[in-house]
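Just one chain follows, in the form predicted on its own, and it is written as structure tokens.
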């Protein structure tokens, strides 16, 4: 009888802490041995010349999310997790969104129905709290946190999602009592509404003006306000999809004061600029997201914050809408003003390769920081560590074998999402996943899916206990 189900040999192991040469023994979907000359296995994978890293965790993506305005997301749990697997991501955490007047538990139950039997990789749920009634705060949320739904997102913008400051304080106080992790979309709704009305009155309604209306000042103010409210309650807080230096300065200030404030950014803020919204005709709609891409100086500020430890998480914020679709980007037609365009861009499959090529290959970040940002830190912040996000005995055998020298060109025709475009079309990349394992089973090989729908399992998340950010630290 063989000792292991699978043995990975001759690879260079990269974790958030170090890198070393070792073999990995896998049994019943878990890592059971690390070392040399481990013995026999039913399957031996030779990783000569490859890096072996924890499977990616995309901790911020949107799949099959009900919207209520007639728009429909292109990706459900099948196409979304298929795309994730082919990009080297083995765990995703999308959002169960509470509709105004609806119970939060009803939203979670609906999301389970949407995901059942479809996912190719493992998944957990964040919640989106839009209606923090007394029963939600005193009964539903505490119970759901205990049941493994330990993180939730709140908004300071969008009329159908935003909370006022008193509601934010009450949600934060509940999170402190019950041990939940709060994520915040930080943009000032009134600033955006004022600028939108002003621009529309002047006939400036093309996709480019989305970026003007969603001013960096509105992001800075809301970031500062969210941090201040969290400081008042003394509760951890994560600011998501940070786009530039204005918000970064607020997060850095908070971390310098020893506050438990964490930051997340995304590929669009490294690769896109406002000029991508200013394309001929309606093409700029493809890059409409919130906050929007800024300018080259903002890109550099995001890179510096990634290098310097201000950001702990790098997610895709995958929000998939087809471009040439009356239920997608063209929901209200090409003549509609920018504020009618569904917000979001695709990025699940390209997230890891973009950060590796632009960050590791170009020596902006080292390999251990890459792993921390894309796997280990999200696992710790959202209560999945050490089951996920690391290479250790007892952890799930979620692994990505990476060729650090392989070259490729991003083409939407090669991607596995259900979106009809990628904003990164034609981007030349170095480094790509050649094999991804989820609980020891192959979910993609050479960029093609190998898992069956339903292989992915739902994950209950523990109450997170993140350490305070430490400035230049590479991890927690």
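Residue numbers count along the first chain shown, from 1. Just so we're clear, the structure is a prediction, and the values are computed from it rather than from any experiment.
Another form, the form predicted in complex with a small molecule, is not on view; read the next lines as being about it.
A heavy atom within 4.5 Å of the small molecule in the predicted complex is found for one listed residue only; from 158, 253, 323, 194, this is 158. Of the candidates 215, 290, 395, 206, 290 is the one whose heavy atoms come within 4.5 Å of the small molecule in the predicted complex; the others do not. Heavy atoms within 4.5 Å of the small molecule in the predicted complex map, among the stretches 229-237, 343-351, 258-266, 171-179, onto 343-351 alone. Using a 4.5 Å cutoff between non-hydrogen atoms, residue 62 counts as a contact of the small molecule in the predicted complex. Contact annotation: residue 93 falls outside 4.5 Å of the small molecule in the predicted complex, judged by heavy atom distances. Of the heavy atoms in residue 319, some are within 4.5 Å of the small molecule in the predicted complex. Contact check for residue 241: a heavy atom falls within 4.5 Å of the small molecule in the predicted complex.
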